[in-house]
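The chain below stands alone, shown as structure tokens; this is the form predicted alone.
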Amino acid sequence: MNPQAASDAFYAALLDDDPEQLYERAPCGYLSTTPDGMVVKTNATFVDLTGYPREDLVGRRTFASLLTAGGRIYHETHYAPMLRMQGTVREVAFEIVRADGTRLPVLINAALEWDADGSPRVVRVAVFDATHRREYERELLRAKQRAEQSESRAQALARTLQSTLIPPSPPLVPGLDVSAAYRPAGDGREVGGDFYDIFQISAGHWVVALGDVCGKGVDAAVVTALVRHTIRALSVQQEQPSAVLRDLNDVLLAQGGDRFCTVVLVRLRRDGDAWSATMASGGHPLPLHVPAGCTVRPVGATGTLVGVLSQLRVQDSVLRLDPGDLLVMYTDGVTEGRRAAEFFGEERLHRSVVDHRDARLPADGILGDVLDFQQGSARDDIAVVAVRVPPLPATVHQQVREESPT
């Protein structure tokens, strides 16, 4: 009898108020066993589920003998001890081997009854066909595996994209010491939107871009690639950083969606032993200037976010970098690095910049301070770029002093 026929018979017996039929044609299998597991009674539904004649079950087989090899081990090590200790078990999954050798997934509820003197007397077992539930669980598992595989492929794609966005090492710029450091948030598996780029326009003419695209994952990586390559193309056509950012703003708005970014753009031109820096910021933290022997100060003017408003408000600022001067650009993952409720903040950043201004790689030193503050784990993506005009050799300083008018 199939499960639907058994259910129909059960409800028919319920209407007729026939106790025997309520037992025999219940929607689940019923059996009673001795405390050691020998089957002493079973209903017709259990007979139909297993395919064994009743006479081959009652008094001839134990409940455990109907289980698979793995099920018999679990029966002895978990099911039976739990039943003896607690008196009941609920929703234990087994597979029953039918008379034809096929396997039937089932869920078992069982209760142990005791005699008046406290001796175990009989075990009542309800057996529920779990075929459809097991298939549903398998489909859920397959769906989970497909989702994990899809996520893994998406993460691999995003990491590949981001590997093209962060230069493997800063380029060698004649007349400048350049260092850059990048650290993704957490364990690095989720791709962030921080990026930097350093590229040459002509001899003695370089551009530094550093920014932060809103969001994470593949979408952010795609937008980051668009921003980086757009800046490169526009920087060849536009002389002023502010004009580059305005055109970039138009490109992002034309793409649609809700992606935006912050960008600081610095155009560097060599002027003898010094450099001229023209910069513009679209909603990004301002660069930090450290003149030789002086304190840290932000330079430039913060404009509006790029990719939000139709009219971008940015302006250019010009700064002279003399020998020994340092210029540091960073993303907000530096100042917003957290330890409990405390931020790394601008004051710590300024101290870190001063501490590492004469180091061979100032950007690495600053990144190290931020990570130490967060016990080695970045809460957000971090990018730092530092450019320093090498100090003049001592002989040059001496010559300058000798040629200076008294």
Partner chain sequence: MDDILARHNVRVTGRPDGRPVMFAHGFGCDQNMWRFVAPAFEDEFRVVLFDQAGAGGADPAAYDPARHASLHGYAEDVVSICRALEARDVVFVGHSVSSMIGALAALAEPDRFARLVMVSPSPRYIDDEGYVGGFSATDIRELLDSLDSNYLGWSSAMAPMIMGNPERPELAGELTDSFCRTDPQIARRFAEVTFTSDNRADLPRVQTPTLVLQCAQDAIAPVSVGRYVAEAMPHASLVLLDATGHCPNLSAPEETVAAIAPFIRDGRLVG
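Numbering follows the first chain given and starts at 1. Under this definition, the rigid core comprises the largest set of C-alpha atoms superposing within 1.5 Å between the forms. Only a predicted model underlies this, so the values are computations on that prediction, with no experimental measurement involved.
Below, we refer to the form predicted together with its partner chain, which is not included among the displayed structures.
Only one of 376-384, 354-362, 336-344, 64-72 lies within 4.5 Å of its partner chain in the model of the complex by heavy atoms, and it is 64-72. Under a 4.5 angstroms non-hydrogen atom cutoff, its partner chain in the model of the complex lacks residue 295 among its neighbouring residues. Taking the partner from elsewhere, residue 214 is found to have every heavy atom lying beyond 4.5 Å of its partner chain in the model of the complex. Taking the partner from the other structure, its partner chain in the model of the complex has no heavy atom within 4.5 Å of any heavy atom of residue 301. Though the partner is left out of this view, residue 257 does not reach within 4.5 Å of its partner chain in the model of the complex, counting heavy atoms only. The partner is absent here; in the model of the complex, the one residue of 84, 205, 320, 124 having a heavy atom within 4.5 Å of its partner chain is 84.
Checked against its partner chain in the model of the complex, the residues 310, 169, 77, 102 give one hit for a heavy atom within 4.5 Å, which is 77. Shown here without its partner chain, the chain has 86, 90, 91, 92, 93, 103 in 86-113 lying with a heavy atom within 4.5 Å of that partner in the model of the complex.
Relative to the superposed core, residue 345 shifts its CA atom by less than 2 Å between this form and the one not shown. Relative to the superposed rigid core, the position of the CA of residue 239 differs between this form and the one not shown by less than 2 Å.
With the core held fixed, the Cα of residue 207 is displaced between this form and the one not shown by less than 2 Å.
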